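So this first bit is one chain, no partners, the form predicted alone, shown in structure tokens.
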């Protein structure tokens, strides 16, 4: 047995965190896993307006006693995608510039780090070349601009693990914000296209694999009763998530993110990539306005039609790893152990 000290993987959580939503509990997972060293949280608009997300991230760090972790705010709107009447009707409050008057556990006293998310990401990658993994569980605006500002990032980042997109050619490949598109990619398709075409080492966890997850009452009970090591975690689950199981008046559709572990898949992949079955695919994003805006499509390189040509041609689309099956019980095991033991 080796006597070398355990080396935790350095990660940045780039997320559209809300209060006790999936990004929030996934961030807890990253904070409390002994296998990860969370360098910082870089909120990006998506599920919520940016200032709300920053407040939620700061308050979470206060409650978990991890105030040394910097929170560096990113972009409050996508690169190009303007809000529409449809965006106003569906999940997500990005680019609304709402004042943050309260969040359920009270506003934080901890202050955000003055660095922009993009600069923080670049600084970390420069400081720890080939060691930093970006865990991207929201729109990819921060990551795309970091790549544009510092092109060397694609050679110096350890990996970018993304929760986003949907691959129609694989099982469970329909969209969740439009029939064709997944929310994170749809909010900023242009940014997603920059990242996916960058040539950086990327593992994509699309809806196809995330839809294999769920959240049972047994998981909740274990988290809510784990007083010995992380009493604050247990209290947070009891105070803010018990209602989703016990109150029939709760709108289960609006609570849907609690019942899956979509963003937790990204954290789990950073800890143990062997939980996932991956295939190398070329993945691209449709950036033409219309019904297919934000849709992802993926394909394997090969000979098609007459067999005379190898597809794809030289169109700038790069191969990445795409997860399409997973050991869900293995993910649950490392998640529950991180938060309870």
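So that the term is clear: the rigid core is the largest set of C-alpha atoms that superpose within 1.5 Å between two forms. What you see is a predicted model; the values in this text were computed from it and never measured. Residue numbers count along the first chain shown, from 1.
The same protein has a further form, the form predicted together with a small molecule, not shown here; the description that follows concerns it.
Residue-level contacts in the predicted complex: of 176, 198, 133, 213, one residue has a heavy atom within 4.5 Å of the small molecule, and it is 176. Proximity to the small molecule in the predicted complex, defined as a heavy atom within 4.5 Å, holds among 120, 94, 183, 75 only for 183.
Heavy atoms within 4.5 Å of the small molecule in the predicted complex map, among the stretches 234 to 242, 260 to 268, 123 to 131, 218 to 226, onto 260 to 268 alone.
For residue 157, no non-hydrogen atom is located within 4.5 Å of the small molecule in the predicted complex, even though that partner is not displayed. The closest heavy atom approach of residue 47 to the small molecule in the predicted complex falls within 4.5 Å.
Contact check for residue 207: a non-hydrogen atom falls within 4.5 Å of the small molecule in the predicted complex. Taking non-hydrogen atoms only, residue 166 never approaches the small molecule to within 4.5 angstroms in the predicted complex. Relative to the superposed rigid core, the position of the CA of residue 128 differs between the shown form and the other one by less than 2 Å.
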